[in-house]
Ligand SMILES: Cc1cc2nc3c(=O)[nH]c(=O)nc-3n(C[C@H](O)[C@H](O)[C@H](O)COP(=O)(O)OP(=O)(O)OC[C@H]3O[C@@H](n4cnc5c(N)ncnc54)[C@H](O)[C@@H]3O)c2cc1C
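So this first bit is one chain, no partners, the form predicted on its own, shown in structure tokens.
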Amino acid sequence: MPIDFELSAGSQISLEHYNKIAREQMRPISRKYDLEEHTLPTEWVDYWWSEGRKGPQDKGAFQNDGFVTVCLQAEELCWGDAGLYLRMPTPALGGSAVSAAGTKEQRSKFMNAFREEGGHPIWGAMAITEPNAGSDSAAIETTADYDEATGEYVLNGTKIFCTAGEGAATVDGGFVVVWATIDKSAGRGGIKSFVVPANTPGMELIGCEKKLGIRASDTATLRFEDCRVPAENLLGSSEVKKKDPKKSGANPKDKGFKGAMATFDASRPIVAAMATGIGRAALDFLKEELERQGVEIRYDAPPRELTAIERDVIEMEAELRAARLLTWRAAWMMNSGKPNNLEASMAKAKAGLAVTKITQKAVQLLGPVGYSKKLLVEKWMRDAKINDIYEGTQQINQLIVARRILDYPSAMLR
């Protein structure tokens, strides 16, 4: 059966549109905000809020490939700069959680501000990771106690590595979706997510991480001390069902935990696309440099006749394309309404590893100048590593893939 990998005309328009933004708006300031970590990239944020978020204006762009086109956008913009991509004023993961688990009223209340013209830039974020609960979301210690007298939930705990957390927590109009347990004895069944609007009393920005890569982005630590939010800010049901010892995982009817977890089915293909963009940036530059030096890559030569550099470049291209195809597959399944939990983790695991190898090899093949800050290649190598860590580490995603293929519950394969 023939397989068609051609993109629609709308996706081609989007690809060219976002590549132009990457070249003209992101690359020129890429090094500046890598060096000036934690400085708000005002020119980029303002551009995105006033122009970039409108997307391509060509009507043909509307006939696109849906979520696959979203991944194309992520790849192109991260080809420009992954740190600046993460600093864009968007609902981000917090918006994904509201869309996945929120009611119509909640979506309208918290998401409309991101669609309105004018105003000032705002951010959304999601706070899951804790000092004692990294990729294991079921080990969350932040609590949410219901106050019957006021009809509010009271949040207490600390969240770390919250992407876009500074903007979302401190700029009016934004919000942070916070995962907390309302009943520790219920395990995952007690974990719920709450929308905490920016500048809510009791939510405090402790600071931003000094990082290896993606240094233009604000990766925040947030503390919650008696932080009160109305009961209607709970995403999903407040009902808690105790864990059945004969079963694993969350209550399938619990849209709160399950709905919030579903954000990863959408976010992991996007992270994979981000990784592909960084990897392509390094590979494109390497190939251009080799061409300038008169080194031709002979794709049609027999393997035994290839030089070491030719083999390396061809292997890098194969890794990149494999990661991209897995990403498009996971995105296409989401488009089609098919469960893509397995495929999303496969794409994320593959792309995270591939981009790490590709960027390291690019630095190596370029020699001393590749390791210096004269080029952006060393930055891309630093930016790449996070794709192998956040949104579920390489090991966590491999566990998910293994459990799904073998049909093992988490209790049997940890």
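No experiment lies behind these values; they were computed from the predicted model shown. In case it trips you up, residue 1 is the first one in the sequence shown, and so on.
Although not depicted, the form predicted in complex with the named molecule is the subject of the following passage.
Looking at 160-168, 288-296, 99-107, 321-329, the stretch with residues near the named molecule in the predicted complex, meaning non-hydrogen atoms within 4.5 angstroms, turns out to be 160-168. Heavy atoms of every residue among T219, I389 and L399 are located within 4.5 Å of the named molecule in the predicted complex. Although the partner is absent here, L93 sits close enough that one of its heavy atoms falls within 4.5 Å of the named molecule in the predicted complex.
Taking the partner from the other structure, the named molecule in the predicted complex has no heavy atom within 4.5 Å of any heavy atom of A344. None of the heavy atoms of L306 is located within 4.5 Å of the named molecule in the predicted complex. In the predicted complex, the named molecule sits within 4.5 Å of a heavy atom belonging to T129. In terms of contact with the named molecule in the predicted complex, the residue from N19, T393, S11, Q25 that brings a heavy atom within 4.5 Å is T393.
A single residue from the set M261, A133, M88, C208 has any heavy atom within 4.5 angstroms of the named molecule in the predicted complex; that residue is A133.
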